[in-house]
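Listed next as structure tokens is one chain, alone, in the form predicted on its own.
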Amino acid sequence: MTTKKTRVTELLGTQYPLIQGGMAWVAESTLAAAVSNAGGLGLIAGGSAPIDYLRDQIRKTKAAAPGKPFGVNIMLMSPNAEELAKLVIEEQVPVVTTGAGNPGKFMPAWKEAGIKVIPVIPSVALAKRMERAGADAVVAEGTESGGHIGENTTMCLVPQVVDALEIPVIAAGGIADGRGVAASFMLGAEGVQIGTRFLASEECQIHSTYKQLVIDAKDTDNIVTGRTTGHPCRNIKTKFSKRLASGEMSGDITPEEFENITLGSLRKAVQDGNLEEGSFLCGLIAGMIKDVKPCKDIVEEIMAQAEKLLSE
């Protein structure tokens, strides 16, 4: 078994079957270009950012990683989703990953423009629906991942999605080294999406406080907030996130109050390193991350280790 050539590398036109996670407020042109230049697929997070800003980010990525494939992640619940769906066509973005919704209505126009569409899914039912809608591949994301999460684990979800689909499956959630990649391939995945490991990369533009929290995190320094709102989110444990989680569970914080308290909290974490009001989104794998390195070193080390394990 090998990671060198899979249906995912052929689909994406990359050296490695590795996608960098489209982390809101985190995944911008510097990080995306670095991952694309390292042989993976860099992603720019659409989030709910202004369209002019995203157009600029797309152009910066193209300039910094000339000729390399890259992509844009579109959160379909975002108020700018319609505009962003048009922007990726105008700017000839090669790959779109989607989350939080069904991209079906955008699919014909994207396909006509030659865009590869890869939805992120938390369940077999949604994976099947995406395949029927014309997706080129899916990212099967386990609950171990940072940010918005489903309930199923990567270990359980990936093989079930692989068995249910004809299109390639990309594993995500809890992958930070070559062992995680090799395990994903043994489960039937043909690629991986990695987010949290890239938080501790030299090119990642997050606040130094955020990077240090990731590096210092132990295996238990993780907490899920937002369960009462229907949008659970995985964070690094801080006084703020612990207060949110306990307030939710006790009923001291209503879902409406929760939404108000967390409004803008990710930006406060990413840009300001604000420990009092910031949501530091991060996957369960952070306990394995001990240092900050260039993206090139991260990608090459992970893929070399995976290749060695899969060829033994």
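None of these values were measured; they are calculated from a predicted model. Numbering starts at 1 and runs along the sequence shown.
There is also a form predicted together with a small molecule; it is not shown, and the following applies to it.
- Of the candidate stretches 207-215, 95-103, 152-160, 79-87, only 95-103 contains residues with a heavy atom within 4.5 Å of the small molecule in the model of the complex.
- For a residue to qualify, one of its non-hydrogen atoms must sit within 4.5 Å of the small molecule in the model of the complex; all three of A24, R129 and H148 qualify.
- Looking at I236, you'd find every heavy atom of it more than 4.5 angstroms from the small molecule in the model of the complex.
- At least one heavy atom of P122 is located within 4.5 Å of the small molecule in the model of the complex.
- Within this chain, E203 is remote from the site of the small molecule in the model of the complex, having no heavy atom within 4.5 Å.
- When contacts are judged by a 4.5 Å heavy atom cut-off, M75 counts as touching the small molecule in the model of the complex.
- Checking V270, L54, L281, A34 for any heavy atom within 4.5 Å of the small molecule in the model of the complex turns up a single hit: L281.
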